[in-house]
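Next up: just one chain, as structure tokens, the form predicted on its own.
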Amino acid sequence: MEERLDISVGYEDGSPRITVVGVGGAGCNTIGILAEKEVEGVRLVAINTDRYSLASSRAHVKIQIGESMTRGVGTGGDPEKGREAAQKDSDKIQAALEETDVLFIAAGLGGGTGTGASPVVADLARENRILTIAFAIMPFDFEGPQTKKKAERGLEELREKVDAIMVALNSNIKNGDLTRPPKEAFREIDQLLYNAVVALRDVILKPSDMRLDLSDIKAKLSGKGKTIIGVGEGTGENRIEEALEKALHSPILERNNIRGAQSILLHIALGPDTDLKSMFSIVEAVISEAKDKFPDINPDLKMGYLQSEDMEGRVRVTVIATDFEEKETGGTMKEEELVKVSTSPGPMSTSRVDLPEEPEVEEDYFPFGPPIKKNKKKKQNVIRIPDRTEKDGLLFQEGEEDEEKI
């Protein structure tokens, strides 16, 4: 089954081409937001073993894989069947990827088609030297240990085959507003993919006063692994702080901040009412966030910006962060180091200082994830906005900064 719908992709001659492939039920559902909003300049491809799911998709190209082996009713949650189905119809997938420069693969992991077929799509993209970014959605905790194991194995395989990967955690939905309708909550995950795709499209394709092109994107993302693509827009008096908070922190992603990022692409869209100092303060705030708990790193940052009349009163910040340093430096001592110091003989003490005992926790199975701790104040994120510029080549003078709590 391969169907083309009459939805204009809007490619410009000679411009970089972006393709978004939804693999399996969850992946096909996730790309639906891009079809609904009719995003121009992006080709949408839906790949599934379930022909009934494909029938409702609004993708430009719909490909049913493994029809002879699954009879169009899915894989029954078996990743091996999903892999075999994709391999049998690899020629169809290959054709859908033609002339693609940047590929997003959206897949829910833990089931059959998304888990088994998405690495096959990634392999085909690598053969064609396509920059590939995966958007992987991990299952809820209540879906059980077997589903979780399949998802984790699928995630590791996918990591090895793509240039960059964003991981969304279904279970983190519970950290948001629990009084909203389920459809609205799940929409938040779809919105992450939408923001990432549209941000990358705009950064590459839209004219800018200081532009980031496809070669910049490839240089920063190729082979980098864990990736954050954050987009935030703010309006009014506190538009900078609002835009930064949205761009730098996502409650749904596996990694919900850019701390430790050693490679950053930053694009800023602003109006004529936002001055140069404010633009530079955004740069400094992003660098400061990356260095938080990692003071020894010096992020490699490349920036683009666009000033336009229609952005008056607004600021939009796009951050693409990758190449993460995982080991924190300059932080507090680990527990085992503290015990070692406290038990070592010294000139002022020869006795052991015991650490407070951790409360015992029963190893119960929590179907919706670990219980939320009560009576604990919600930690406020602090966006640091440097105060003023220097004249000696540095953007801002140290020691003079305002802290805006979000």
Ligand SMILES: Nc1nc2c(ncn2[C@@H]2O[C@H](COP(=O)(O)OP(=O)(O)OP(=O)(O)O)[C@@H](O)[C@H]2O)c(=O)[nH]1
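What you see is a predicted model, and the numbers here were worked out from it, not measured in a lab. The numbering used is simple: start at 1 and walk along the sequence shown.
This protein has a second form, the form predicted in complex with this ligand, left out of what is shown; the following refers to that one.
When this ligand is considered in the predicted bound form, residue 25 lines it closely, a heavy atom lying within 4.5 Å.
This ligand in the predicted bound form comes within 4.5 Å of no heavy atom belonging to residue 281. In the predicted bound form, this ligand sits beyond 4.5 Å of every heavy atom of residue 250. Within this chain, residue 109 lines the site of this ligand in the predicted bound form, having a heavy atom no more than 4.5 Å away. The partner is not drawn, yet in the predicted bound form one stretch among 309-317, 109-117, 193-201, 219-227 has residues with heavy atoms inside 4.5 Å of this ligand: 109-117.
Residue-level contacts in the predicted bound form: of 272, 144, 295, 76, one residue has a heavy atom within 4.5 Å of this ligand, and it is 76. Within 4.5 Å of this ligand in the predicted bound form, a heavy atom is found for all three of 137, 186 and 189. Contact annotation for 149-167: no residue has a non-hydrogen atom within 4.5 angstroms of this ligand in the predicted bound form.
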